[in-house]
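Before any questions on how it binds or moves, here is one chain, the form predicted on its own, in structure tokens.
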């Protein structure tokens, strides 16, 4: 299961991670987020040796949502070496996510 991160541990868990990180900015009440969740879990288990997956709840961690200009949930942001390299918005297909995981 993806690690839930917040403002306090975002830097250590995402920006300083040795592995690339897929951050799922979500909301508990978001239906597309709930549909995306099994796909995220599947990617996490398939790529556990090469990808770290984290979840950021935009309702509780508004600072992070604002900092990364997350306008809607779900938003997936791919970080590599502490830098954002790709972003997807909305309910996307697994293939679309895999395309950004370079």
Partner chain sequence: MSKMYDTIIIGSGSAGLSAAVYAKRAVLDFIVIEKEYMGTGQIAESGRVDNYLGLYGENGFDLGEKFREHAEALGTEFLESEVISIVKDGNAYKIALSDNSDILTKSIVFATGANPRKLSIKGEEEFSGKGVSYCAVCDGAFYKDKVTAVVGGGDTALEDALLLSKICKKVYLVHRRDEFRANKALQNTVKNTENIELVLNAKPAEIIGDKKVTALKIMQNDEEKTLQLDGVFAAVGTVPNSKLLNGIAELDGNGYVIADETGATSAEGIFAAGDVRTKQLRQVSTAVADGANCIFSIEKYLSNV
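Residue numbers count along the first chain shown, from 1. Predicted, not measured: the structure shown is a model, and the values here were computed from it.
Just so you know, the form predicted together with the partner chain exists too; it's not on screen, but the next bit is about it.
J.: Applying a 4.5 Å heavy atom distance criterion, does residue 42 contact the partner chain in the predicted bound form?
T.: Contact check for residue 42: yes, within 4.5 Å of the partner chain in the predicted bound form.
J.: Can you work out whether residue 62 and the partner chain are in contact in the predicted bound form, taking contact to mean some heavy atom pair no more than 4.5 Å apart?
T.: Flag for residue 62 set to yes.
J.: Do residue 28 and the partner chain come within 4.5 Å of each other in the predicted bound form, heavy atoms counted?
T.: Flag for residue 28 set to yes.
J.: Given that the partner chain is not shown alongside this chain, does residue 80 nevertheless sit within 4.5 Å of it in the predicted bound form, heavy atom to heavy atom?
T.: Contact check for residue 80: no, nothing within 4.5 Å of the partner chain in the predicted bound form.
J.: Could you list which residues of 58-96 come within 4.5 Å of the partner chain in the predicted bound form, counting heavy atoms only?
T.: 58, 59, 62, 65, 66, 69, 70, 71, 72, 73, 89, 93 sit within 4.5 Å of the partner.
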